[in-house]
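In the form predicted on its own, a lone chain appears below as structure tokens.
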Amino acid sequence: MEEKNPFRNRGQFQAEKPSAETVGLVDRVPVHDEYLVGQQTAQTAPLPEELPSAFETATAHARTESRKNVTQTFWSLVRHQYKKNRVAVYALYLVYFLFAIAILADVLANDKPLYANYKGTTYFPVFKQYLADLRISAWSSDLVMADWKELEQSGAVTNAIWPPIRYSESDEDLANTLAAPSSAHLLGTDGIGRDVLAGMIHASRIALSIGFVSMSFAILIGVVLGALAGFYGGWVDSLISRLIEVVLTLPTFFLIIAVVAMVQQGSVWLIMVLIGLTSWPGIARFTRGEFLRIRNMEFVTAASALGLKNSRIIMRHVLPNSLAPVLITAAFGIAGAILIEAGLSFLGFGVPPTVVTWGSVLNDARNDIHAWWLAVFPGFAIFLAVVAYNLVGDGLRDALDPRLRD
């Protein structure tokens, strides 16, 4: 009896085409697709003649995914992680809204029209005032001190287009002092008849400028001193660390009050500089810690081995990788600067009395406890601005934390 050899007709088996039943059976066999990462999907196995094309497709897909991962940058990952925090995203939108109000303050609230026809001549008074303040252009003699509202009532001005709020921050309505909110003054007036809404719109510009300019001073000082202390170490680190500790012990708020009282004439720029000169120690400490961590890494050692100067290593290699904690501190610092300015203005030690700020409106509320609108609306504006910047800082802190990334 002849023994059957299963390999004897191997060539014949390969030459024969699979039958229809065999092909149908193969098509119905579920297999796990190993080409899709993280998925366990059942798919039909490809036909034998389709195996090379399926392999090439899987390889191309893997290359595409690898290329996508390579092109992702650090800040794109931070942006993706930040968008997952809905509260922080809404807070950032609120910050953008405050920026828009500050930039468009003169267009939103002004005692000059946006467009007017005066004696047959077309004027854009709001924008012409910008040019006059920059000494690029000048008003004619009859319009230097003109009251555009009276000119419109007399008929000299026609086709005027006014801003939504027809009052500037310093425009006084002596017939309506301490007036409650009404159609004429949506948020009421203060003790000398100034429109509260117009004052708050223009005060947003001062609040944001004080926050950002003061933090710019603080970041400049803190980053420079923190970088020197963290990179060089030794006696440089000891000296700067002792300086940081001394500044941290100073009572910032009372120090600013003392300086403003000695100057006897406060200004917005003086408040900015004083807040910046007293807010840098926290930034310097964070920068120093990051430099101490990064200076011993391989890419810094390689840069030193190549003979690069220390200044180039600091500016091109170490500093860009150390700015993440600085951004978080700056976001919280802007909120703190807004609170400090509001507190100084509330106590009467801030900007000059002619300048309207959120804190100065709160200060006016102390003179008349019945004028509730002088306390509620500016207080709510300060609350919104401070909470928005704090939430943005929280979002940045979570987005920059590698342990929270998906």
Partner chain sequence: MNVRAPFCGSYATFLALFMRQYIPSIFCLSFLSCVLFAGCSGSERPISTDNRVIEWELSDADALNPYNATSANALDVYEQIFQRLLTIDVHTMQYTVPILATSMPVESPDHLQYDFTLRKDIKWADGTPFTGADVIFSLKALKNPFNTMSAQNRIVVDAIHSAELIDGDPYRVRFTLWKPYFLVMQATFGDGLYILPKHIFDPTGLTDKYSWNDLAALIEASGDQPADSATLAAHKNPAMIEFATWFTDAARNRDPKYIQGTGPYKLESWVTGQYTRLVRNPYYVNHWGPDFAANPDTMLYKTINDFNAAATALKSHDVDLIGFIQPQYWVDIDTNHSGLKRTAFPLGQFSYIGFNEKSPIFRDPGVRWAMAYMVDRKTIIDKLLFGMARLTESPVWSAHPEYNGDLPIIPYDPARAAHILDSLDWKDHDGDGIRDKVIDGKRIPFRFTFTVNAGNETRKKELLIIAEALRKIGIDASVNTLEWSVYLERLRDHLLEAHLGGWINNPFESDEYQLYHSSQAKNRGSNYDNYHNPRADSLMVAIRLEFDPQKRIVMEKELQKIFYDDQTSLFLWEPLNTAAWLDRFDNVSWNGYRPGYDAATWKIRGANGGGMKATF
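These numbers come from a predicted model, not from an experiment. Numbering follows the first chain given and starts at 1.
FYI, the form predicted in complex with the partner chain isn't displayed, but the following is about it.
In the predicted bound form, no heavy atom of Ala302 sits within 4.5 Å of the partner chain. In the predicted bound form, at least one heavy atom of Pro353 sits within 4.5 Å of a heavy atom of the partner chain. Proximity of Pro163 to the partner chain in the predicted bound form: non-hydrogen atoms within 4.5 Å are absent; the residue sits far from the partner. Of the heavy atoms in Arg194, some are within 4.5 Å of the partner chain in the predicted bound form.
With the partner removed from view, the residue among Val246, Met145, Ile136, Leu306 that has a non-hydrogen atom within 4.5 Å of the partner chain in the predicted bound form turns out to be Met145. This chain is drawn without the partner chain; in the predicted bound form, the residue among Pro125, Gly188, Gly276, Gly336 with a heavy atom within 4.5 Å of it is Gly336. Contact with the partner chain, judged by heavy atoms within 4.5 Å in the predicted bound form, is confined among 232 to 240, 206 to 214, 282 to 290, 99 to 107 to 282 to 290. Annotation for 339 to 369: interface residues with the partner chain in the predicted bound form are Leu339, Ile340, Pro352, Pro353, Thr354, Asn363, Asp364, Arg366, Asn367, Asp368, Ile369 [heavy atom within 4.5 Å].
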